[in-house]
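Take a look at this single chain, the form predicted on its own, given in structure tokens.
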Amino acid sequence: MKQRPGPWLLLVALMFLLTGCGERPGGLRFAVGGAPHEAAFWQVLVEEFRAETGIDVRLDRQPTDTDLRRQELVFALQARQSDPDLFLLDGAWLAQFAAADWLMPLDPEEMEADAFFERVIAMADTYEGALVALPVYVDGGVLYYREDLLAAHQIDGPPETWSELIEIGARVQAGQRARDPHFYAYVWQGAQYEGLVCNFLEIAASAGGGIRFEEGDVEIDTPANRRALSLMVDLIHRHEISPPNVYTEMKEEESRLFFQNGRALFERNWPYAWARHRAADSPVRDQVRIAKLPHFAGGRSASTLGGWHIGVSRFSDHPEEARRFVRYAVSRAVQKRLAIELGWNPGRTDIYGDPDVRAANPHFAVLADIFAQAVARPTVPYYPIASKALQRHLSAALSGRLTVAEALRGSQEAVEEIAATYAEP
């Protein structure tokens, strides 16, 4: 049996909690999640900021899971708590937080908003004409590919269209199956979660479609979107170049590991996977390259905008100090360090051409072009609920439980009902 802590230990713990929750003059609480090494880096930055400005900043560690991080923040903001003063937000939350009037507007000139990707600021960080956050880390879907396998099959480079991906993929897959009967040409995120919507949006946009919820006008069930969802279904069931477990279990890490273990030619994933693929213990470290995602003939490549943004709580009791920390976090010097030391993709465009950054991250040359053409998920406050409905219907189409037409018609009807509910006075 485990021993119970003595009374003195309980007293020490209580004192720690009481002092940890106490307010300090000028002190800030900054909520961050992510991997341990990311939190450790933020700790270094806040200590340097404290030494430079005399403003105390304390980290509130959040879970790694994105949904749990959002729930924690929603709970605090709904209660109008003064802590945390500022936090990192997933781009998909911004409209919800802004519509609820939880974010303090920021001055574009003071924050050097012109130094950031214009499309990112317009699509994600601006709500009803006001700047409400700034991108600390920009994300977007990219295509990873095995350069050695393309060369072995006399293929010059990665595909530009989805038809080329299918043709090249089938050819290489047939050749590799002699060595590995479980080899597949293309892995991506098809499990029933937000990543499925991101994959669908990219393919739909590359067909000239997309997802639009504007003033209650829902646009999901369109010819271009049917073409996109048909392609996703066909990759698994008709062309059979994507494994069946794409729609049952493949999220980011499942896709990454499948590709990294040498069992796929192409992989759709986020830029974070680059460092993992190039790690010393990666079987494909010298063979993997990065490119834009394919598009339909006559269309253009599209990448779903993701990433993390920094915002200030409307209820902060230290608003000036919080805005000062935001300026510090998105400054050129800090963004450069985030790029070199963490491999993060900065929100500032002036970092991508920096010689030191390029030396540490040669793939940034491709990423800058991808981010400049990113497409955003709908910026409406009810997006998280609408996304859940869309995920269910897309998943049903991938599994064969619904036809493509039924899935998109069902999505349209479900989201229209959600939009109407939010439009009611």
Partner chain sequence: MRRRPRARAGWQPGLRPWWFLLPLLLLIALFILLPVLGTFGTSFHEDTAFRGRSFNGLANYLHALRDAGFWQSLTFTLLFVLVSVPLELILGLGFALLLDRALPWRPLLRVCLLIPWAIPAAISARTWELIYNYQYGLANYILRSLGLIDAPINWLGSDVSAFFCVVIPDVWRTAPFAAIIFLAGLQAIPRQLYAQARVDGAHFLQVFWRITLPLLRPVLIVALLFRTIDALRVFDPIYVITGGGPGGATTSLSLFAYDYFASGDFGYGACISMWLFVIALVLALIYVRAARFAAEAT
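Residue numbers count along the first chain shown, from 1. None of these values were measured; they are calculated from a predicted model.
Although not depicted, the form predicted together with the partner chain is the subject of the following passage.
- Query: If you check in the predicted bound form, is residue 363 within 4.5 Å of the partner chain, heavy atoms only?
  - Reply: Outside the cut-off, so no.
- Item | is_contact(residue 71, the partner chain) in the predicted bound form, heavy atom dist at most 4.5 Å | Close contact exists here: in the predicted bound form, residue 71 approaches the partner chain to within 4.5 Å, heavy atoms only.
- Query: Heavy atoms within 4.5 Å of the partner chain in the predicted bound form: does residue 102 have any?
  - Reply: Residue 102 belongs to the contact set for the partner chain.
- Given that the partner is absent here, does residue 167 sit within 4.5 Å of the partner chain in the predicted bound form, heavy atoms only? It does not: once the partner chain is placed as it appears in the predicted bound form, residue 167 has no heavy atom within 4.5 Å of it.
- Message: Exactly one residue in 392, 61, 358, 58 has a non-hydrogen atom within 4.5 Å of the partner chain in the predicted bound form; which is it?
- Response: Answer to the contact question: 392.
- Query: Heavy atom within 4.5 Å of the partner chain in the predicted bound form: which of 173, 199, 192, 301?
  - Reply: Checked against the cut-off, the match is 192.
- All of 245, 396 and 401 within 4.5 Å of the partner chain in the predicted bound form, heavy atom check: Checked in the predicted bound form: all three residues contact the partner chain.
- Item | Segment assignment from 306-314, 180-188, 335-343, 205-213: heavy atom within 4.5 Å of the partner chain in the predicted bound form | It is the stretch 180-188.
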